[in-house]
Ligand SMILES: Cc1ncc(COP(=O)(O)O)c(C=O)c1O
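Coming up is one lone chain in C-alpha cells, specifically the form predicted alone.
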C-alpha cells in the first residue's frame, strides 16, 4: 500500500460537499499482547470507535458527506431509521444537533429483545439525553412506509426533510469510507506498513462499499477488503454490497466497476440473526478487553472480530500477514447486552 498515490482519492472527493465531524485521523496501532497468541499474524486496529463526538463510530464518516449534501439542499430536518439500539440513529442525532438541524428517528424492533435494559439503556438513553424526536414503530409497521408518510407531514408543515437510509449507506454516505481508505493509505506510508487485509463488519454494507471503492479508485494492489456479515445472509449481503459499490462508483468514477469475485464477505458469524449474541462473539469481546483493554460492541465488531480470530486459528491467512481491523464503534450498545455478559 505504502507508495500508492492517495492524492487521486483526494481529488475525486473534493467535488463533494462535506460537513466536518472528525477533527483528526483515527489512530492505527498493533494489538501487541493479543498478537503473541496469533501464530505470527500481526493484527492492527484502526480506532474508528474513538472520535471526539457522540462516542464515535463509523457512521460519523458517512454523515460528513450526508450532512454536506443535506445542507446544500437546504434541509432543516434529518429523518432516518434503525433498530432500537441503532448506532446510526444515535450519531445522526448527534450530528444534527452539532449542525443545528432538527432530527427524527424511526426505531424498529429489529432484534427479538424487549428486556428493560435493552429497551432503556445504551443508545436509547443517549437519544433521550439528546432530546431527539423518536418514533417507536410497532412490529408490523414498515420503516420506509412510515418515513414516506412522515416526510409528507413535515413538508405540509413547511419543513424541508432530508431522508437518510438505514446505516447512512447511500452512495453519498459511502464516500465516508472512500475517504477513510485515503486516510489509511497516508497512515500506511507514515508507518511504513503494508496491510494485506482490511477487515470490517458488514451490516448495511456501506463501510465495505466505501473501502473497496477507494481501493479500486486508488488502484491499490495486493490488499484485500474482507467483511463478515452481521445483518443479512451471505447471499443478501453480497447482492446489497455489490449494488452499493456500483452506485458509489457511479457518482465518483463512472469508468470503474467491481466484479462479484472482488467482494469478499464471510457469512459464518451471523449466528441465528442480527443483534443476537453468539458464544464466539462473547469470547472475542472478553479476549480483546482482557488483553488490550479495548471493548468491542456485541452486534458488529464483536462478531467480525470473532470471525477473524477463527480464520487466523484455521490458517486462512498466510504466515506473516498484517491485518488491519477497523473498529467501527457501537460501544453504547454493549450496555444494552448485560444479560449476555452477566457471567464471569
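Model, not experiment: these values are computed from the prediction. Residue numbers count along the first chain shown, from 1.
Not on display, but discussed next: the form predicted in complex with the named molecule.
Open item on the list: Using a 4.5 Å heavy atom cut-off, which of 255-263, 203-211, 131-139, 156-164 contacts the named molecule in the model of the complex?
Closed with: Selected stretch: 203-211.
Open item on the list: Contact with the named molecule in the model of the complex for residue 92, defined as at least one heavy atom pair within 4.5 Å: yes or no?
Closed with: Although the named molecule is absent here, residue 92 would stay clear of it in the model of the complex, with no heavy atoms inside 4.5 Å.
Open item on the list: Under a 4.5 Å heavy atom criterion, is residue 65 part of the interface with the named molecule in the model of the complex?
Closed with: Result no; residue 65 lies far from the named molecule in the model of the complex.
Open item on the list: So in the model of the complex, is the named molecule close enough to residue 169 to count as touching (4.5 Å, heavy atoms)?
Closed with: Residue 169: yes, in contact with the named molecule in the model of the complex.
Task: Residue contact check: residue 303 to the named molecule in the model of the complex, 4.5 Å heavy atom - done: No, residue 303 sits far enough from the named molecule in the model of the complex that none of its heavy atoms falls within 4.5 Å.
- [ ] Give, in sequence order, every residue of 40-69 that has a heavy atom within 4.5 Å of the named molecule in the model of the complex, or say none if there are no such residues.
- [x] The stretch 40-69, when checked against the named molecule in the model of the complex, contributes 58, 59, 62 at the 4.5 Å heavy-atom cut-off.
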